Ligand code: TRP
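Take a look at this single chain, the form predicted on its own, given in structure tokens.
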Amino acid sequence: MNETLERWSSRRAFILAVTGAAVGLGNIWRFPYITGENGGAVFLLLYVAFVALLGLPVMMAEILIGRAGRRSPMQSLGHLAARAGHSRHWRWLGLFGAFTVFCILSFYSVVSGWSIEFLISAINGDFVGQDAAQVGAGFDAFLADPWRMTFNHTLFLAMTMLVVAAGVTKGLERLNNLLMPLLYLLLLVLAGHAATTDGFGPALAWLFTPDLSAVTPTVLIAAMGHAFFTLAVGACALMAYGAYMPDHQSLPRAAVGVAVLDITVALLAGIAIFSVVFAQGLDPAEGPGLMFVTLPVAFADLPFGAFWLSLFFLLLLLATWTSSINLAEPMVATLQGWGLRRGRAAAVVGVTVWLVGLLSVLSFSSLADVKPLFGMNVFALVTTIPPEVFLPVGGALIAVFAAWVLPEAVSRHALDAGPVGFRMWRTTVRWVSIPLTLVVLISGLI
């Protein structure tokens, strides 16, 4: 495959695209509940530190490879390795990344379908007057209904693949240019509303007054893992986006901009959520159920609660939509590298992901007791092993390739950070980011 001729039309388009890739369930669902479970401000402080030391350098490495290769992830890795006098077997890392995002998108589409269901329920005012037990029972009934789950899974995946099939400028770029500003506007509106609640002050104090005595190995590992996952690195998805990066754009500035925007989304979501939680006297350490059980109850008792809750689930749906497009792009790019046209490649990916996703749908009903590996059903397997094991493996190998395999002249040119900036980046990746990624991998295996 020759170099791709597609490019993002502007520097802004590239930054919005990568931000759209990074912003998703990790920021709006996972960040609040994992912050709640790990002490609030001290977790936030460590998370930001590990974004700088782990997530950001590896993200730059991944984009750098795509920019240097200007091909699909698999083709870029094989081409660059051969040019450097190394084995072309490095290309299989691109296939491994495509398999990783295939597994992740198969459940991501199912979970994102939940936001469609909750958005409709919030608009209808179904949560008004319900307590946590009633909301939880309704959620359980929805999970146990394979037909409703399948419909939402199908709708969300169709939304995703239609955009990917349209191409870089007509599909991905247009959607990101529309949805990312809208997403930030919704976040600002929700955060502004949070400032009017009685829980705003306690939420700010809890999020921004760290107690360093609360630092434990568990909190450190959690912050490290979230910093890695939140920037969407490790699956060669950003490598595909890097292939479309404009020629005259500073990669470090763009990457730092994406990291700042990503952290900002998490902070605004945390402020909006915890202000409501504290205003209602609820526990911030509710765990994964914070989004789909605690928040509907908390919002329902506020003035115009149904409206604000509807806005929140609309925000969640938009964030997961842009993120799922990022998951699909490297798979489509890989099939394009094998000679398929984009539209046909998108159809193949969409149908196969949909079929595998049905196993996750049925994991809450007829396949709930089918546990093929490690005592986990299919949904538990795909939500655990790919994010916690496959992504760190991919991230570590990507970092090794960029910092040790690529010739210095190639990586320096693609990074475009100047001699001092390049040395700082390579030193950080070699001696800080790679060891930290291995810690994340080991913790996932344990």
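By rigid core we mean the largest C-alpha set that fits within 1.5 Å across both forms. Please read all numbers here as calculations on a predicted model, not as lab measurements. Numbering starts at 1 and follows the sequence shown.
The next section is about a form of this same protein that is not shown, the form predicted together with the named molecule.
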Could you spot which one of A203, L327, A243, L318 gets a heavy atom to within 4.5 Å of the named molecule in the predicted complex? L327
Only one of M331, V361, L309, A232 comes within 4.5 Å of the named molecule in the predicted complex by heavy atoms, so just point that one out. A232
Exactly one stretch in 235 to 243, 290 to 298, 253 to 261, 115 to 123 has heavy atoms within 4.5 Å of the named molecule in the predicted complex; which is it? 235 to 243
Does every residue of V42, L44 and F274 put a non-hydrogen atom within 4.5 angstroms of the named molecule in the predicted complex? no
S323 within 4.5 Å of the named molecule in the predicted complex, heavy atoms: yes
Can you check whether N27 is within 4.5 Å of the named molecule in the predicted complex, heavy atom basis? yes
Do V101 and the named molecule come within 4.5 Å of each other in the predicted complex, heavy atoms counted? yes
Partner contact for A17 in the predicted complex: the named molecule, 4.5 angstroms, heavy atom: no
Interface residues of 108 to 129 toward the named molecule, as seen in the predicted complex [heavy atoms, 4.5 Å]: Y108
Once you line up the core, how about F229: does its CA shift reach 2 Å between the shown form and the other one? yes
Would you say R412 moves between the shown form and the other one, meaning its CA shifts by 2 Å or more once the core is fitted? no
Just checking, between the shown form and the other one and with the core aligned, does F31 shift 2 Å or more at the CA? yes
